[in-house]
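Listed next as C-alpha cells is one chain, alone, in the form predicted on its own.
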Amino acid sequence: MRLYEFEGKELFKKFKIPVMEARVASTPDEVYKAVSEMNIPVVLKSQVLTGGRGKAGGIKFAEGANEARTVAEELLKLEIKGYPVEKILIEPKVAIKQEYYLGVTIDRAKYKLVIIASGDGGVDIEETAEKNPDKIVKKEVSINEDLYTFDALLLAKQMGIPQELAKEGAAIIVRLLTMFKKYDAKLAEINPLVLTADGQLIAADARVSLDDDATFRHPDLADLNVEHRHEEGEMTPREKQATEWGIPYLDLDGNIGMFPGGAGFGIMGNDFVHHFGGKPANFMDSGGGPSPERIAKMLVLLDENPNVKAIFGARFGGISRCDDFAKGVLIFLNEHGLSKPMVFRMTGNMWQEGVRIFEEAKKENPAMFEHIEFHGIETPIEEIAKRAVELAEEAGA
C-alpha cells in the first residue's frame, strides 16, 4: 500500500527524520492562502501514487501567492500516468548543494532487509545501478537485527556525506530502518536526501509502501488519515468497481482482456498471451465456485475497458462448474451485450454441459454469438491464447 509523499513525511516526522514544514492543498485558493501565510518562495508538488511526476511537469516553483495559485490551476488539471492530481504539497524552496539516495527494502531471495545508499540522488536508483553501479552501496540486515552506529556511519561516509554531518546522516539511516520495521514496510525511500546550502540534511521526498496485509497492526495510521488503498498506486475506476463487487482485479497496460477461471489459470493465461506476443490488459480471479452473476460482472469490467481489443477466456472446472460459467456469459450477453471479440475454452467439471448451453443459445440467437468463439477440451489452450492475440491485432489494425 503506497503512501502519498505528504503521508510518508508524516511518518518521517514521527521518527525524527528531518523534513521541511509543509502544507497540503486541494484547490488553487487553498494554495494561495497557504503561500500567503508562508510568505516565501515555494515548490508545488503534485501528489500522485506513481513515479515520474517531475518529468511529467508535476513539480513547479512559485515566488509568491499569485503565481502559486496560477501554477496550482495547471497542476490540478494534470493526469500523471493516468492518475489525476487532486492534492498539492507546498514546501519552502531551498538551495540544494548535494543530493543523496537512501532506501530500505526487502531482499526476498535472501530473506533479509537491505539498506541501499548512494551519493547520486534525485534520479531513478535503477538508472544509477545500470549506468554507475559503483556509486551504490548496500548493507544487509536481518529483520530482528539492529543497525550498529558504526555501520550507519560507514554508510554515511560511503554516500559522501560531509564528515561534520556524518553523525546526523547515520542517525537518519538508523531511523529510516527503524520506521521500516515498525510499520511493516516493503519500501521506504528518501530520494533525494538533500544537503542544503546552509548545511542541513533534509528528506526532500518520501516514497513509502506498506504491507497492506499488516495495516491492521497499525491503527495509528488512521490518525494520519491514511486510508487503505491499492497495493502500489491509486485504484483505477474499474479496480474500484471490482472491489465493490468483491472481484480480485488489477488493470495492466495491454489490450487483451483476461477472463480466467481462478488465479492459477489466470496467471497461466497471462503467460500464454505474452508467449504469443500479446499483452494482457488485466489480471483477474473469479474465486472458487463463482455464481453466474459474478461471472457476468467480470465480463462487464472487460467489455467496458477502452483498452481491451479482444477477450481471452480460459475456464478450468474444478470447484467451479463450466455450466455456471456458460450461464454467466449468457447473463452478460442478454443484459449488457458484447462489444469486443471474444474467444474462450472450457475444460474440467461440467465442460460438456457448458458447451451444450452455448450451442443451444447460438442456435436461438446466432447474432449474439457473431463475435464469440467457444471451445471445449478438444482445442489446446495454446491455440486459444494465440487466437486471442490475433483478434486483438486485427481489432487494433
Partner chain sequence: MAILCDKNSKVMVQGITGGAGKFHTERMLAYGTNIVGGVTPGKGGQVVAERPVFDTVYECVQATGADVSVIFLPAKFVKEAAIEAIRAGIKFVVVIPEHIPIHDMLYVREEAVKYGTTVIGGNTAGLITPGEANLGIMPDIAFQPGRVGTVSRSGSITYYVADTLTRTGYGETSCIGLGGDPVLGSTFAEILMKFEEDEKTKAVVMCGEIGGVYEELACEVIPKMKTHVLAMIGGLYAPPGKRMGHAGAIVEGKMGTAQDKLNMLANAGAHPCKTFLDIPDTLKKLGV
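Take the two forms, superpose them, and find the largest set of C-alpha atoms that agree within 1.5 Å; that set is the rigid core. Positions refer to the first chain, counted from 1. Keep in mind the model is a prediction, meaning the values are calculated, not measured.
A second form of this protein, the form predicted together with its partner chain, is not displayed here; the remarks below concern that form.
* **Proximity of residue 257 to its partner chain in the predicted bound form, heavy atoms at 4.5 Å** => Outside the cut-off, so no.
* Could you tell me if residue 189 has a non-hydrogen atom within 4.5 Å of its partner chain in the predicted bound form? -> Contact check for residue 189: yes, within 4.5 Å of its partner chain in the predicted bound form.
* To do: With heavy atoms only and a cut-off of 4.5 Å, decide whether residue 107 touches its partner chain in the predicted bound form.
  => Within the cut-off, so yes.
* Does residue 136 reach its partner chain in the predicted bound form, with heavy atoms at most 4.5 Å apart? -> Residue 136: contacts its partner chain in the predicted bound form.
* Which of 73, 130, 223, 86 has a heavy atom within 4.5 Å of its partner chain in the predicted bound form? -> Comparing distances to its partner chain in the predicted bound form, the residue within 4.5 Å is 130.
* Stretch from 297-305, 237-245, 212-220, 193-201 whose residues place a heavy atom within 4.5 Å of its partner chain in the predicted bound form -> Contact-bearing stretch, as computed: 212-220.
* 4.5 Å heavy atom contact with its partner chain in the predicted bound form for all of 151, 268 and 377 -> Every residue of the spot touches its partner chain in the predicted bound form.
* To do: Counting only non-hydrogen atoms and a 4.5 Å cut-off, give the residues of 106-124 close to its partner chain in the predicted bound form.
  => Heavy-atom contacts within 4.5 Å come from 106, 107, 108, 109, 111, 112, 113, 114, 116, 123.
* Asked: Does the C-alpha of residue 73 move 2 Å or more between this form and the one not shown once the rigid core is lined up?
  -> It does not, since the residue 73 C-alpha is displaced less than 2 Å between this form and the one not shown after the core fit.
* **Rigid core superposed: residue 275 CA moves 2 Å or more between this form and the one not shown** => Moves: yes, 2 Å or greater.
* Asked: With both forms fit on the core, is the shift of the CA atom of residue 62 between this form and the one not shown 2 Å or larger?
  -> Residue 62 C-alpha, core-superposed: shift of less than 2 Å.
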